[in-house]
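Shown here is one chain on its own, the form predicted alone, set out as structure tokens.
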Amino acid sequence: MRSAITICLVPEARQGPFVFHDGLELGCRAAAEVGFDAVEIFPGSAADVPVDEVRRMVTAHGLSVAAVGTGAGWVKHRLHLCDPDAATRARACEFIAAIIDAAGDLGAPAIIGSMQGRTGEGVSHDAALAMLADALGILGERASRHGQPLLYEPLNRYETDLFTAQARAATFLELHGLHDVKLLCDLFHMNIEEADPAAALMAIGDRVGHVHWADSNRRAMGMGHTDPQPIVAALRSIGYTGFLSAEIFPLPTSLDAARQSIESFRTFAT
């Protein structure tokens, strides 16, 4: 398994669970100095991820790109995949598709988390799931053209009413033939929704495509009450070799959070 840490390029998300907020160059430099293998980027749009420039930066610091998030589509533009208006859903897909292309050119997958949406505004639960399946099918196929999976992230009950449990999300993907889509398993959300996070990972096996390495309080692993040992054991058992990425609050400071994250990674995952 490899280590990664988050860099947020969206001023509106400065209070969110991202470690570095002062630009890609400074974030890459800090990530490399602390000892991470890669960075996960949260851009405002695909325009924030100019492929040649990003590739130059990460290469100069001996890093790679672990994943690229799409959440600014919701945070900045209130776009999501379950909007009752078809034209707005199309805009959401276009926003995500552009990030999929940029991420794919960097050899990385894109993440759909908050842009998945939820029911409401005249959209029933069944209708929302149908919209989600359609969008994931189209976007997953686009990601596959780059040789990458699309990462779908089940969130906790306070952020979505679509999928909160890993097994239900995996079953949904299987039933709809969404073989280009993997799950992003976020340990913070799983602490809320799963009775046994390690068992949940074991149950979905090779559907695990990415892991957010976060403690129970969304701080760096080791600063809450999550026991990472059974989680890492489960990941090893299913043959997971991807990233453990620190999507966490920068507390008490960004550098402290980064150092604690890499220390916990080295203690439990190497």
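All values derive from a computational prediction rather than experimental measurement. The first residue of the shown sequence is 1; numbering continues from there.
If you look for the form predicted in complex with a small molecule, you will not find it shown, but the lines that follow are about it.
When the small molecule is considered in the predicted complex, Asp101 lies well away from it, no heavy atom lying within 4.5 Å. His61 falls outside the set of residues with a heavy atom inside 4.5 Å of the small molecule in the predicted complex. Among heavy atoms of Cys93, none comes within 4.5 Å of the small molecule in the predicted complex.
Asp83 falls outside the set of residues with a heavy atom inside 4.5 Å of the small molecule in the predicted complex. Not one of His146, Asp180 and Gly209 is positioned with any heavy atom within 4.5 Å of the small molecule in the predicted complex. With the partner left out here, the small molecule still marks one of 184-192, 118-126, 101-109, 83-91 in the predicted complex; by a 4.5 Å heavy atom cut-off that stretch is 184-192. Put simply, of Ala169, Leu155, Ala133, Ala200 only one has a heavy atom within 4.5 Å of the small molecule in the predicted complex, and it is Leu155.
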